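Below you'll find only one chain, the form predicted on its own, shown as structure tokens.
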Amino acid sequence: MPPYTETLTRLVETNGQESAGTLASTVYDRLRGDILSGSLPPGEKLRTEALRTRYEVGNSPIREALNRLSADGLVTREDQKGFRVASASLADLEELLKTRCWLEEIALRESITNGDADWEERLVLAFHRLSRVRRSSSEDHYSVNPQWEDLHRAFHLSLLSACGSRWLLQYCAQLNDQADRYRQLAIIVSYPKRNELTEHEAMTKAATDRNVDEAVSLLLAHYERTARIIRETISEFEES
């Protein structure tokens, strides 16, 4: 094969691989977002044909996205039966809450102790950006606002970002994603009665004041307040 033809063939193959990878990542992001927002509820059967129609793609990126989400714990694989959105239960919520509080208390204490001026600035900026965006994309009822969700995640991870352990941060980020599925149950019930912004502001102040015990107490109370609403919501759902 002439050198020019060989080079051209290699470029075409490379571009095809990159396009396929980019498409799979796009499907992963969209599918993940639909699971975290509750658009695809816990226990929902993820049929390949329906997903192809929903996201307008072929089988390959769907399969890759489902495998990645399975590794993340957001999707479960059933032998010979395909995939489902991971189930939600009170028992799973309690285990998730306990584990998240354990790890994030360690990460927050380390972050406040080790954080420098740049960390403080990142945290204050993360809170400022969050405070500038509406919680709901609708003014008269709750509707998921993807921008707020992204900024909320960024704020919580900014709190922990100076802990000094990328492994700990990765575990905390994964638990954050798992908790987001449950948190959507809480906001549907509590919006607009709960003012989460004041809770985030108090955490920011305690962290930047280097008041470790106060910051940890506020963070754990923040999660427990959400969990209490979720418990009531799940109980009502199970009864009905």
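The structure displayed is predicted, hence computed values, not measured ones. Residue indices: 1-based, along the sequence shown.
The next section is about a form of this same protein that is not shown, the form predicted together with another copy of the chain.
Judged by heavy atoms within 4.5 Å of another copy of the chain in the predicted bound form, the contact stretch among the candidates 131-139, 100-108, 116-124, 153-161 is 100-108. For residue 47, no non-hydrogen atom is located within 4.5 Å of another copy of the chain in the predicted bound form, even though that partner is not displayed. Put simply, residue 77 is close to another copy of the chain in the predicted bound form: some heavy atom of it is within 4.5 Å.
Although the partner is absent here, residue 149 sits far enough away that none of its heavy atoms falls within 4.5 Å of another copy of the chain in the predicted bound form. Using a 4.5 angstroms limit between non-hydrogen atoms, residue 55 is distant from another copy of the chain in the predicted bound form. Of the listed positions (88, 144, 85, 96), a single one reaches within 4.5 angstroms of another copy of the chain by any non-hydrogen atom in the predicted bound form, namely 96.
A heavy atom within 4.5 Å of another copy of the chain in the predicted bound form is found for one listed residue only; from 196, 64, 34, 214, this is 64. Along 23-40, a non-hydrogen atom within 4.5 Å of another copy of the chain in the predicted bound form is carried only by 25.
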